[in-house]
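As structure tokens, one chain now follows by itself in the form predicted alone.
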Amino acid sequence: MHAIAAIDIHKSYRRGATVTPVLTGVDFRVEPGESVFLVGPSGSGKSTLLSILGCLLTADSGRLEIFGQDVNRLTARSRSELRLRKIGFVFQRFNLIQGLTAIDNVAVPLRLCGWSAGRAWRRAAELLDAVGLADQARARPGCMSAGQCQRVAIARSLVLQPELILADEPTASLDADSGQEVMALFRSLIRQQGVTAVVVTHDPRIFVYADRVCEMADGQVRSREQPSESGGR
């Protein structure tokens, strides 16, 4: 069973009478525990595909299976449950709630799932410790560096022990050193937990943290290449 099986996925956007195709028959498969990076020029459909894989957007046509579950057959509520419980997200600009502390930001998904405050904070504290931010638990995003904010975002993405992590340009807001540190940590944590990951990136410096790199062009996954044997290993 594939972790992800996207088959003949099409997606277009309409503005008035103008229809712009973005995905034009994408076939894309990811194995359980695999880390796959999607690269390609702006407008090639990477972020749109990632949003469809995360059940944030619906394809116009095609079939999507997440760990054997046919997403097309799910109700809107079931898709939301799948997204909350099975999929973690890491965003370019972190998407942290500015008024909450680091520990509260990490605890948000747990509270949405009905965890008590005390239990959620204990679990969130474990993840903050895992990303090296135990001493920043009470800090708010505005008082932390970009690298620290992305570490909080990674902790939040893993707090419910998802099966799949989707990351959209996770190093774009970071300097080179912070980007390398964050990706090394990300790679280590998802391997420890056996999580599947799909990462959209323009940053060739982090390709070494991938098991496989796929290139998108003209709305399709066109080619594949293997990263350096020593990278991320």
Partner chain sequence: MVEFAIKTLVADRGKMFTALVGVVFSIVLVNIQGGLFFGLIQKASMLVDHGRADIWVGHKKIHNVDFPRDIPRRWVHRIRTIPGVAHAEPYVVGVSQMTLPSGGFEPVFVVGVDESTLMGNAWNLTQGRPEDVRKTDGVIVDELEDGKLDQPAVGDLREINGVRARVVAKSRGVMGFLVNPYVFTTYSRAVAYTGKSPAYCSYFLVRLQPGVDEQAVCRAIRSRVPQVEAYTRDEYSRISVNYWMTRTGLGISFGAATLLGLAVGMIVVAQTLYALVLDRLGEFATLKAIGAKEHQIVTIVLAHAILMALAGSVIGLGIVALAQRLFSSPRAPISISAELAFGSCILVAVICVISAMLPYSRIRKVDPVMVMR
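Residue numbers count along the first chain shown, from 1. Keep in mind the model is a prediction, meaning the values are calculated, not measured.
Below, we turn to the form predicted together with the partner chain, even though it does not appear here.
Asks: In the model of the complex, does each residue in the set Ser47, Leu50 and Leu112 place a non-hydrogen atom within 4.5 angstroms of the partner chain?
Replies: Yes, because Ser47, Leu50 and Leu112 each have a heavy atom that approaches the partner chain to within 4.5 Å in the model of the complex.
Asks: With the cut-off set at 4.5 Å between non-hydrogen atoms, does Arg122 touch the partner chain in the model of the complex?
Replies: Answer no; every heavy atom of Arg122 is more than 4.5 Å from the partner chain in the model of the complex.
Asks: Report yes if any heavy atom of Leu100 sits within 4.5 Å of a heavy atom of the partner chain in the model of the complex; otherwise report no.
Replies: Yes, Leu100 sits close enough to the partner chain in the model of the complex that at least one of its heavy atoms falls within 4.5 Å.
Asks: Are any of the heavy atoms in Val152 no more than 4.5 Å from a heavy atom of the partner chain in the model of the complex?
Replies: The answer is no: Val152 has no heavy atom within 4.5 Å of the partner chain.
Asks: Is it the case that Ala172, even though its partner is missing from this view, gets within 4.5 Å of the partner chain in the model of the complex, heavy atoms only?
Replies: No, Ala172 is distant from the partner.
Asks: Please determine, with the chain shown alone, which of 82 to 90, 144 to 152, 128 to 136, 67 to 75 has non-hydrogen atoms within 4.5 Å of the partner chain in the model of the complex.
Replies: Looking at the other structure, the answer is 82 to 90.
Asks: Can you work out which of Val39, Val208, Leu189, Leu57 has a heavy atom no more than 4.5 Å from the partner chain in the model of the complex?
Replies: Looking at the other structure, the residue within range turns out to be Leu57.
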